[in-house]
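Quick heads-up: it's one chain on its own, the form predicted alone, in structure tokens.
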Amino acid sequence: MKKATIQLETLTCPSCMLKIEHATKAIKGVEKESVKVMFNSSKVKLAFDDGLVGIGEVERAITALGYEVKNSRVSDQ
């Protein structure tokens, strides 16, 4: 299991948080209980099974919604 912090360009409204939260929780391999979208800091924190999903797939799910990923940090849990 890996942990990731994904820095987004900006989140402009609370509904943005919900969209990102729902999209990331729907990805197989993402630990649903771990997903936290922080509006004030424009960050997404989550844990994922790197045997099932890579950070690139999570980033693509977020960018497909129209949000820009600035960078991601991944570490062992």
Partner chain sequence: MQRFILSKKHFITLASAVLISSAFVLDLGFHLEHIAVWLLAVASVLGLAPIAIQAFQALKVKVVSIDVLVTIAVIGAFVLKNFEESSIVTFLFLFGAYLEQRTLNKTRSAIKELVEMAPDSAFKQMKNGEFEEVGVDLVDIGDVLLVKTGAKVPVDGIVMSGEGHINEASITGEASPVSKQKDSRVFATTIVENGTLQIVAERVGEDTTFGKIIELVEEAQDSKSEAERFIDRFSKYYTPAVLILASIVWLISRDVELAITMLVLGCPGALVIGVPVSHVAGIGNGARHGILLKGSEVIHDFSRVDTMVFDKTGTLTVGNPKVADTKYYTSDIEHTLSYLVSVEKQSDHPLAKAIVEHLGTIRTYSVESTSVKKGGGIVATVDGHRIAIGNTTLMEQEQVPLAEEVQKDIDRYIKMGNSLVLTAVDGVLHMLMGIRDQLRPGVKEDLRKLRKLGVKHLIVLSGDNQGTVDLVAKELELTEAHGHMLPHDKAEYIKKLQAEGRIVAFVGDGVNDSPSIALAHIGIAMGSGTDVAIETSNVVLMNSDFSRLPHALGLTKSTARNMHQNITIAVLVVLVLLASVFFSTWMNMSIGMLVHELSILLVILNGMRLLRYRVRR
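Positions refer to the first chain, counted from 1. These numbers were taken from a predicted model, which means no experiment stands behind them.
Note that the form predicted together with the partner chain isn't included here; everything after this is about it.
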S34 near the partner chain in the model of the complex, any heavy atom under 4.5 Å? no
Close approach of L52 to the partner chain in the model of the complex, 4.5 Å, heavy atom: no
Going by heavy atoms, what in 27-49 lies within 4.5 angstroms of the partner chain in the model of the complex? K36, M38, F39, N40, S41, S42, K43, K45
